[in-house]
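Quick setup: one chain, the form predicted on its own, written in structure tokens, and binding and motion questions come after.
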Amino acid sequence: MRTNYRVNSGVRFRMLSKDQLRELYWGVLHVLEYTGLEVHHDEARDVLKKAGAWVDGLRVRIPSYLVRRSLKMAPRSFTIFARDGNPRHDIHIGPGRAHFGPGPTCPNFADIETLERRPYVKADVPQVAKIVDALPNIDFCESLGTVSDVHHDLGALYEFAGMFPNTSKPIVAWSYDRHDSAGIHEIAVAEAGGQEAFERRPNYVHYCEPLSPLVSTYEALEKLLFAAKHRIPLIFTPCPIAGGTAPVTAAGIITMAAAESWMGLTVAQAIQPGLPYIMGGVLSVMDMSAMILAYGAPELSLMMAGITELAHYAGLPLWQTGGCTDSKTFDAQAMIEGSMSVFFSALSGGDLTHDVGYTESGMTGSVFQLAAMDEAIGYSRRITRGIEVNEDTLAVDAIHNVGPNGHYLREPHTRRHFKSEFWLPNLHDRRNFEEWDMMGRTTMKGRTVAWVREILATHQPSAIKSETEKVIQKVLEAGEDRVKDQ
């Protein structure tokens, strides 16, 4: 028996030293205590004041002891469950695990038939969800768009109502206000079997976004308060732009983004101690020539890796970003930028990596980019799984059996291990030239488009309960009635 044998269970990189992380950590606490943030919500300010923060009008300064106490309350590990009870689709948040999914709110969509850019509509939602449900390396669902053909205030509600029946994978939901937050939660609770059952096995996460620099808006905090009071796992994620709404340096934007997110953490833990809380931060640079948030920039991966390490140092999971591109179409640029950021997310262990499938700097959602990135995620996961070294994998006996000048095709050791040792692609082509020529000389783009269309033609997600279908209809009708006179 081996003793003192160290096992590295996977490949991860460390970019920041403990000293650097300590500097970032104390820098965040300093900003919260001495600079503070504007908090545009009366109840949230009251919660913070009662907890021990200093409130001066809209400005709130949070003493470091209060933030550190909140960090200790929030769990590092928890589970988001598949709505149909399939354990293969549960997401176990914890150290060393990276999960991937699309993003929300793109105003445009790459049409599945024409591949042309057009406004995102209600009919796109179930198609995105069905594709997410089928892709083997996509772990959670978002809509890849903002519905444009319903009343503006009901877009998020229609998105959730369209996603929920078409994927059993956990959903990350966003909302405009407490009204659609309540409607979304009513649907999820109906399927879970009641509020208590939902609390034991939550099937979605609620997403809120404050405003950089250092502003927590009324809308963001209204949604945070709703989630905390109803024990809904919560993401609170700013989207600062280096050189625009945040300091230009990587360390500066990480410090500010963490301060913005930890303010939300402090509110949430004061209301609901132990609430599952995912620290946010979508960090990239302002391209000074194009004046856009660059989604394909190497700095995005660098900054996201940095804030991931800070989150884990502080004991929180992180809302990561990857699989996205600045390209306007599904081309080589899209695949290079998306694959690089996916690989960095996997290497840094981003707990929930979103925006997979974003193109055009977040302006257009593409299920083709999503499907291609599913392949890149599988590729990355094989690398980050690492190399297992034990008596069996050393293959000393197999090497002895084959000896010099033999082959391993008939070896039991080969048959026992090749399916788990080798990554098997869905889209990459490894045939020789003659076979590839005979099969029509397909490209990666062509194979991806064909796979997406095959999924939509053949895949059947698990059904929701009939009672949940009725709740969805009721919630949508109530929403229509609410906005009728607006």
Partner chain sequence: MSEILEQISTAVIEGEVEEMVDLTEDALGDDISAEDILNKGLMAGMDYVGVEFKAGNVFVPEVLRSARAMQESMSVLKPLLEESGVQMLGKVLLGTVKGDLHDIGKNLVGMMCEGAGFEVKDLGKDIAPEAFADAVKEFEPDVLGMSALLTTTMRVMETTINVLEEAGVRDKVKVMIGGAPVTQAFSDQIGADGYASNAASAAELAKQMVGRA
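This is a predicted model, so every value here is computed, not measured. Residue numbers count along the first chain shown, from 1.
Form predicted together with the partner chain: not shown, discussed below.
In the predicted bound form, residue 172 stays away from the partner chain, with no heavy atom inside 4.5 Å. Residue 288 belongs to the set of residues with a heavy atom inside 4.5 Å of the partner chain in the predicted bound form.
Proximity of residue 378 to the partner chain in the predicted bound form: non-hydrogen atoms within 4.5 Å are absent; the residue sits far from the partner.
Within this chain, residue 241 lines the site of the partner chain in the predicted bound form, having a heavy atom no more than 4.5 Å away.
The putative spot formed by 138, 296 and 333 is not touched by the partner chain in the predicted bound form; no residue has a non-hydrogen atom within 4.5 angstroms of it. With the partner omitted here, the stretch from 69-77, 347-355, 210-218, 121-129 that lies within 4.5 Å of the partner chain by heavy atoms in the predicted bound form is 210-218. For the options 245, 384, 272, 414, the one in contact with the partner chain in the predicted bound form, meaning a heavy atom within 4.5 Å, is 245. Scanning 112, 182, 134, 363 against the partner chain in the predicted bound form with a 4.5 Å heavy atom cut-off leaves one residue, 363. Along 164-198, one residue reaches a heavy atom to within 4.5 Å of the partner chain in the predicted bound form: 176.
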